[in-house]
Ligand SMILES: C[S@@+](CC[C@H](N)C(=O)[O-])C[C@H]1O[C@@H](n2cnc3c(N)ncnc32)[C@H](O)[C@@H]1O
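Okay, here we've got a single chain as structure tokens, the form predicted alone, with questions on binding and movement later.
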């Protein structure tokens, strides 16, 4: 993603009146928070400016930009499927529209591992309508990739398994698919909201 994209995302995170604005709930200052797919740390900067928080992303340029935005976020380059922290390190893990680019079941297994017992998960996901809008405005290569996304998403819906394409993962999610994946990977208290955002919260058991 470009620097302009990340700067715009920071503006959105800081502007409650923006239609795309969404932030995780407030937490006591003593709680440790990890953002997976943090980009330049926009969500952490806006939601938790009162503490040192942790952000993980595969994009080194985004992480470097994030360090110019804030010295309160500990940025780490890595993948959701292999988190570089010991067990039970965090009280909340957040992921805003990032798990769709990972092997979701493997990511949830790692998230459960690094969450403390009773720790909270807050994620926003991608519905079919978003992927379909992108495909309709794409060229033939984009439509071929959409066919992969659709097959991968159907596979996840029924089996909670996914497969990569050219080294990448991408999918849209359903309530059934994500609920079953969460239960299989040690979560309970699952709540799903399908309003302006596809929001899912759960608790580590």
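Positions refer to the first chain, counted from 1. This one's a predicted model, so the numbers in the text were calculated from it and none came from an experiment.
The same protein also has a form predicted in complex with the named molecule, omitted here; what follows describes it.
Colleague: With the partner left out here, if you bring back the named molecule in the predicted bound form, are 1, 42 and 102 all within 4.5 Å of it by some heavy atom?
Modeller: Spot residues vs the named molecule: full contact, yes.
Colleague: If you check 114, 80, 92, 125 against the named molecule in the predicted bound form, which one has a heavy atom within 4.5 Å?
Modeller: Filtering the options by heavy-atom distance leaves 80.
Colleague: Where does the named molecule sit in the predicted bound form: which of 141-149, 34-42, 154-162, 176-184, heavy atoms within 4.5 Å?
Modeller: Among the candidates, contact is made by 34-42.
Colleague: Is residue 97 close enough to the named molecule in the predicted bound form to count, meaning some heavy atom within 4.5 Å?
Modeller: Although the named molecule is absent here, residue 97 would touch it in the predicted bound form, with heavy atoms inside 4.5 Å.
Colleague: Should residue 58 be counted as a contact of the named molecule in the predicted bound form, where contact means heavy atoms within 4.5 Å?
Modeller: Yes, residue 58 lies within 4.5 Å of the named molecule in the predicted bound form.
Colleague: Please run the contact check for residue 6 against the named molecule in the predicted bound form: heavy atoms, 4.5 angstroms, yes or no?
Modeller: Because a heavy atom of residue 6 falls inside 4.5 Å of the named molecule in the predicted bound form, the answer is yes.
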